[in-house]
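We've got the same protein chain twice here, in two forms, each standing alone as structure tokens: structure 1 and structure 2.
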Structure 1
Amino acid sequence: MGRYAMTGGATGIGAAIRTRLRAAGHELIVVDIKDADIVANLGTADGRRAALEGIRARAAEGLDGFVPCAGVNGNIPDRALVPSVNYFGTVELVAGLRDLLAARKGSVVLVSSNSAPHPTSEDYVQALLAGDEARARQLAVSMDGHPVYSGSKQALARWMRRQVPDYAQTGVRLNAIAPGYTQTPMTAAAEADPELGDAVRRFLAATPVGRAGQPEDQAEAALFLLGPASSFICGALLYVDGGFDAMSRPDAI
């Protein structure tokens, strides 16, 4: 059995991934703001350092995989938290665990979104990609919630694609899932939000397969990308969204 680590394993998609990994008999280290093996706030630099130290102490011999799943939606009052958690809370941990992943030829599955291609601020995305957290946070507070969220997920996918060659040469595969509307506590809060609710409901009603996604749908995709059946898949952004992206951008490849 393997040794894995993940963030955001307390609820939603992360909880489904946690359940699947443990049911398969794997050792799993979970980081979250509550109810976790390592309790840490990934929205802060200190929290990210604590998460890395905790994982490294428990996995000194290496990791077979890592799933940075922690994230927040754009409807939260403190929008500056979105880039800090969604982007920096992911890329800093992936980079900080790179040697442990290389030691066991591990794989990483990031959680982007099918909203990643949506319009956002390029200045915001560039601040993220440049590692300028202060600037990204400053821009986020002046933006609407959805572009803040989608921009964080777009930057995450672009970062992943840029890192693939270097990581692959050390035996570490990077891939990402791009969930569509999935029934979780986070999306329930967005649906109830006065600003976002109507858009979320229209989004769900337009999903070609005719239903919302479930956390288990995302977990199955993540486990496939983590495992040996996907050993030649590297740098992929897998849309797990009931056909919504294909409907919205039929000519995009």
Structure 2
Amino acid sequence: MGRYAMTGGATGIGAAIRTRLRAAGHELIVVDIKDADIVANLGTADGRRAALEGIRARAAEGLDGFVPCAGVNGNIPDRALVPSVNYFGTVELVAGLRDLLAARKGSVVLVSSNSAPHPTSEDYVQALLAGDEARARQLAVSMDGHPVYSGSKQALARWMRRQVPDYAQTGVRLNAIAPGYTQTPMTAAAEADPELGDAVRRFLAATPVGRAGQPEDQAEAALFLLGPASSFICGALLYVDGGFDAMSRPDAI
């Protein structure tokens, strides 16, 4: 059995991944802001440091895989949290666990989004890719919620693709899933909203496969990329979105 770590395992997609890994008998270290083995706020540098220290203390002999799944959407009151949690809460942890992952030829599955290709601010994405958290946070509060969110997920996918050769040379595979609309606590508020609810239902009706994603759909894809069945797949951004991206951008390959 393997030893894995993940973030965002308390609810939604992360909870489905947690359930599957534990049901398969793997040892799993969960970091989250609540209901976790290591309770840490990934929106702060201190929280990320505590998360890394906690994982390292429990996995000194190495990790077979890591799934940084914690994230927040763009509609939260403090939009500066979006770059901090979604981007820095992911890349700092992947980088900080790299040696443990290399020790066991581990695999990393990031959680981007099918909104990653949406229009956003290139300045914002560049601030993220440059590791300039203060600038990214400053830009985020002046932007609309959706481009703040989609930009964080675009930067994650671009960061992942840039790191692939270097990590692969030490035996660590990096891949990402790009979920489409998936019914979790993150999306429940929009569905219940009297104004947004109808728009969400129209959006879902337009999904080619005709339904919303479920956390298990995302967990299935993440576990495939995490495990040995995908050992030659490296640098993939796997759209798990019922065909929405193909419908929206048929010529983008």
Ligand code: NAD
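Take the two forms, superpose them, and find the largest set of C-alpha atoms that agree within 1.5 Å; that set is the rigid core. All residue numbers here refer to structure 1's sequence, counted from 1. From a predicted model like this one, the values you see are computed outputs, not experimental measurements.
Undergrad: Of structures 1 and 2, select the one representing the form predicted on its own.
TA: Answer 1, the form predicted on its own.
Undergrad: For D193, does the CA position differ by 2 Å or more between structure 1 and structure 2 when the superposition is done on the rigid core?
TA: It does shift by 2 Å or more.
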